[in-house]
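The data below hold one chain only, encoded as structure tokens and taken in the form predicted alone.
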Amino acid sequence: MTNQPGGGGSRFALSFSSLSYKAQRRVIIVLFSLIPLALLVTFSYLPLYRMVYYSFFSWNGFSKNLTFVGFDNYVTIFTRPEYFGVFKVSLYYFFATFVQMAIALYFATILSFRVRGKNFFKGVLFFPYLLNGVAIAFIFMYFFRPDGTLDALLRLFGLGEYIQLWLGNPDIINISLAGTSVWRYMGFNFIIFLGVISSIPSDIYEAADIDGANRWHQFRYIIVPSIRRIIELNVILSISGAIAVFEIPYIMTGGANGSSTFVIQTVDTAFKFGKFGLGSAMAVVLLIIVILVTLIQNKLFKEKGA
């Protein structure tokens, strides 16, 4: 007795066709979900589980010996200011997000009306977001360096007395870095606001014009209520980003002069100082804070919208 080619496939096709429509649908859904679920578990949930697991150990990341320390790593984070105290740096980026969103909303509103050269200005405002973060960091390193572009501009306008060590003075370094972050990410908020404002039907503006509403009235009573959900989304994304800021301060200063953020401190703890368990605990704390902030914001906005 010999097996005919394709016999297994034919038997599967026959058995599959004998199933009910509901059963076939379930089988197809399961089969199509297997690969995405496998990728999700492999690259998201499994690393997350290992991160939480390592956070309860003292480990240098290389040794085969792991020492169980329970919650000691978490106690260290909340009792030693050099670890948890760096969160105050995030406040600069937190307040900068509101400046960033205000500027983005202002330009999105202006360019949603008939303005000459609006497409050019859209490109100019969105362009920084397209640039690589490393390139932007290097651009602003030259911008803020002593006798750099900013110092030259201040001297040009007779403001040389205000020249500072923009990246060397601990009192202003985080303002300089937060300003760089605003320039980097403002285009993202701008393009989202512009897209939503542009979707507002033009007959609403025409009716407002007939009723004598000026631009401010249109902004307050038409645009803002129409984009409230998008503003909420941008607030959530911006605040989460402010808590987890890393790229710009790490490249521009390496966390020096009081510019170290919690993420930079986490990376240094794990990979520079060889405290992988403590670094994992810091990453877990950061994850919990971001989740809590998101849940609180969702709760507040939901209650306000109810």
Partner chain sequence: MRGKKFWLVALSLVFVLSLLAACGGNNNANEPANNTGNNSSSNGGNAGGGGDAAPEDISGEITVLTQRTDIVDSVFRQQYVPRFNEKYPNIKVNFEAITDYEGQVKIRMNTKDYGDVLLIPNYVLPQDLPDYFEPLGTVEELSEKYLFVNEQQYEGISYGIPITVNAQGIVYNKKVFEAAGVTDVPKTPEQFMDALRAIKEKTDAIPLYTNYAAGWPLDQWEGNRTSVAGDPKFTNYTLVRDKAPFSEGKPHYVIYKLMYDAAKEGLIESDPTTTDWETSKPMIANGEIATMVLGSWAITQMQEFADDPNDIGYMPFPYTNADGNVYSSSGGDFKQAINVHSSNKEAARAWVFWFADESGYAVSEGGISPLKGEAMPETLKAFDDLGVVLISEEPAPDEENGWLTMIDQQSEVGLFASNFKQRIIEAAIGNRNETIEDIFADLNERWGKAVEQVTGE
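Heads up, when I say rigid core I mean the largest set of C-alphas that superpose within 1.5 Å between the two forms. Numbering follows the first chain given and starts at 1. Keep in mind that this is a model prediction, so the values were computed, not measured.
The next section is about a form of this same protein that is not shown, the form predicted in complex with the partner chain.
Across the options 204-212, 78-86, 103-111, 155-163, residues that bring heavy atoms within 4.5 Å of the partner chain in the predicted complex belong to 78-86.
Just one of 69, 242, 270, 248 comes within 4.5 Å of the partner chain in the predicted complex, counting any heavy atom, and that one is 270. The partner chain in the predicted complex is approached by residue 291, whose closest heavy atom lies within 4.5 angstroms of it.
Interface membership of residue 150, defined by any non-hydrogen atom within 4.5 Å of the partner chain in the predicted complex, is ruled out.
Contact annotation for residue 298: at least one heavy atom lies within 4.5 Å of the partner chain in the predicted complex. Taking the partner from the other structure, the partner chain in the predicted complex has no heavy atom within 4.5 Å of any heavy atom of residue 120.
If you take 104-129 and check each residue for a heavy atom within 4.5 Å of the partner chain in the predicted complex, you get nothing at all. Comparing the forms between the shown form and the other one, the C-alpha position of residue 55 differs by 2 angstroms or more, with the core used for superposition.
Relative to the superposed rigid core, residue 258 undergoes a CA displacement smaller than 2 Å between the shown form and the other one.
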